[in-house]
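Given next, in structure tokens, is a single chain: the form predicted on its own.
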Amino acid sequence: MKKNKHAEIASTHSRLTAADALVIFGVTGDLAHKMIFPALYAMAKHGALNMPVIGVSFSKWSLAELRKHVQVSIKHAGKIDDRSALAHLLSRLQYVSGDYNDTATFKALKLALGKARRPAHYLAIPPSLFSTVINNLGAAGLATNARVIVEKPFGRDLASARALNKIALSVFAEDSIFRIDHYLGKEAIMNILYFRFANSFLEPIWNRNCVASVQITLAENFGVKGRGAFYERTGCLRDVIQNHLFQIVALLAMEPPAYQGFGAVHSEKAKVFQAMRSLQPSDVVHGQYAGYRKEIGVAKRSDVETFCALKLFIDSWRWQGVPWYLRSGKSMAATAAEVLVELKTPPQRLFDDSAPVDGRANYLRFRLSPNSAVALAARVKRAGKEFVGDQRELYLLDEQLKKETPYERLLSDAMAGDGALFTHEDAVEAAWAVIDPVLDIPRTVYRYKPGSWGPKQADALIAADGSWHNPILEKEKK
């Protein structure tokens, strides 16, 4: 694949302008505790943490308290198996206490940065504070040659996403804004992109002529885990579908990039979102697991969905008429994520037993979690004179024991200026535009039993094209 000269220049520019400091707003919060500190520890173990790490928070902590907090975080995530790496991380820490609305906080941050000229500002804070911090960074002169790392959700609807993009772009250039979706840092997700375009056998069948439907399931067997207040503001459609599952759809549906470089990938993914048909109420089923209303922070009569299933169409030459079924939920039967690309049946039944097995024709299956795998289902003749057979899976299990965690990968990339695994303004807004018509309208939310696969109404949604594929969780043979 021929490289675009501009992409090469941009790539070289990014390498030359690696960040020389990391600022973590919300350093005493839950996200930093669970994800960021373990990622920084992993980076230290790999020799990739060579800059000061400055935490900013309202909490009036001492540096010693922050260091202790970091050690607790790393122990909770696993174990401390490299004392020199831990010592290196702790030695890099600094702390600034202050209110994000107070200009004095940003003056103190500027002083703490010292000679650093290319800081990366990580906003591990509630979305309601994004605009405040971004504006104050600009006013304090802390955005020059800097970049900002923004956690999802990036907006809560199309209007707020546009407003936030406008504010962010008034302070930072687009290539200096790193919108994190940790799902894109997973090895199995990146394998979708690689598998599609590194193998020529898929292209002839990867279209409306051969694909009958596509299913994507992301299920969790646990509830909101004390995050009831967050979920009351967000819900499953905003929390998972609009970002995680839409990103998977884009990787599956995109056209081949025109050149090597993440700019080309971003462009093709954005085109997928722009081609998606806007959702209508009849396209969506909302569910809520029994017991959700008893969670801390949840309203007694809450109608927030903890489960969502939808039917989606992509109005493009390649995918016109092919239904895409997406579902995700909490307190379901298993914790797993899978994609099932079901192929059309042969145009003529030459053999009596060649009808779809259990309603399922040949398919390609991507296991995304808990492990990474790819399987192709095909019919194979049994031994004997009769032309009868069975559907079997050709199964590839990909176990990588020393792979990077998503946050380590994404944080390392953001610090290096590599935007390949981050989302851009046009893609974010196009994705919100798809679900915007169904976000805040009256709807029925169906109860479902914890440990099930969601409300039965979701089965009716897919009935015209078969049934939901429930991820296979038994131990599979290599």
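Quick caveat, the model's predicted, so the values are computed rather than measured. Heads up: residue numbers just count along the shown sequence, starting at 1.
Missing here is the form predicted together with 6-O-phosphono-beta-D-glucopyranose (BG6); even so, the following discussion is about that form.
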If you check K271, R227, R293, K107 against 6-O-phosphono-beta-D-glucopyranose (BG6) in the predicted complex, which one has a heavy atom within 4.5 Å?
R227
Single option in D175, E404, E220, D283 placed near 6-O-phosphono-beta-D-glucopyranose (BG6) in the predicted complex, where near means a heavy atom within 4.5 Å
E220
Closest heavy atom of V240 to 6-O-phosphono-beta-D-glucopyranose (BG6) in the predicted complex, within 4.5 Å or not?
yes
Does any part of R367 reach within 4.5 Å of 6-O-phosphono-beta-D-glucopyranose (BG6) in the predicted complex? Heavy atoms only, please.
no
Even though 6-O-phosphono-beta-D-glucopyranose (BG6) is not shown here, does Y289 get within 4.5 Å of it in the predicted complex, heavy atoms only?
no
May I ask you to state whether H266 is within 4.5 Å of 6-O-phosphono-beta-D-glucopyranose (BG6) in the predicted complex, using heavy atom distances?
no
Of these, 133 to 141, 113 to 121, 203 to 211, 227 to 235, which stretch puts a heavy atom within 4.5 angstroms of 6-O-phosphono-beta-D-glucopyranose (BG6) in the predicted complex?
227 to 235
Tell me whether K45, H88 and R92, taken together, all sit within 4.5 Å of 6-O-phosphono-beta-D-glucopyranose (BG6) in the predicted complex, counting heavy atoms only.
no
Within 61 to 96, which residues come within 4.5 Å of 6-O-phosphono-beta-D-glucopyranose (BG6) in the predicted complex, counting heavy atoms only?
none
